[in-house]
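Next up is one chain by itself, shown in structure tokens, the form predicted alone.
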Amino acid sequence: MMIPDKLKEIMDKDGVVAIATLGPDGPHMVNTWNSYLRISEDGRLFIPAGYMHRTEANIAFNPNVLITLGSSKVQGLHGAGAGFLIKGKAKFVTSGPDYEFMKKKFSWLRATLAITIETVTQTW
């Protein structure tokens, strides 16, 4: 999946990322920062996980995730502010190259949340 340049621009700005998962007890959301997101060479989205224990349990139950992020500092579809909805399949990685890549950037992480992107939609 090709990552749109506008999404990359948002990742460089201050902002909050919302990650939604669905587990046996229902939906759950957790947040992180735009600046924590990384893109792998093969186009997957990497997020450092410090805690996210319920998110990890939900992904073991159902790997589908929805992620939203945006920034008021990026020109959007109708003026100032742009946002995206990302749908994909996620897994937690605790060893190997994907883990080490993120551990170098975020010494505090316990796992890399790796998302294989299915769709990227600009929402505003």
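Remember, it's a predicted structure, so these values are computed and weren't measured experimentally. Sequential numbering from 1, following the sequence displayed.
What follows is about the form predicted together with another copy of the chain, which we do not show.
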Taking 4.5 Å between heavy atoms as the contact cutoff, choose which of Gln75, Thr94, Ser40, Thr68 touches another copy of the chain in the predicted complex.
Thr68
Could you tell me if all three of Gly50, Asp98 and Thr116 have a heavy atom no more than 4.5 Å from another copy of the chain in the predicted complex?
no
Is Trp33 close enough to another copy of the chain in the predicted complex to count, meaning some heavy atom within 4.5 Å?
yes
Contact flag, Lys89 vs another copy of the chain in the predicted complex, heavy atom cut 4.5 Å
no
Answer yes if any heavy atom of Ala60 is within 4.5 Å of a heavy atom of another copy of the chain in the predicted complex; otherwise answer no.
no
Flag Asp12 as yes or no: does it have a non-hydrogen atom within 4.5 angstroms of any non-hydrogen atom of another copy of the chain in the predicted complex?
no
Sequence-ordered list of residues in 20 to 46 near another copy of the chain in the predicted complex, where near means a heavy atom within 4.5 Å
Ala20, Leu22, Pro27, His28, Met29, Asn31, Trp33
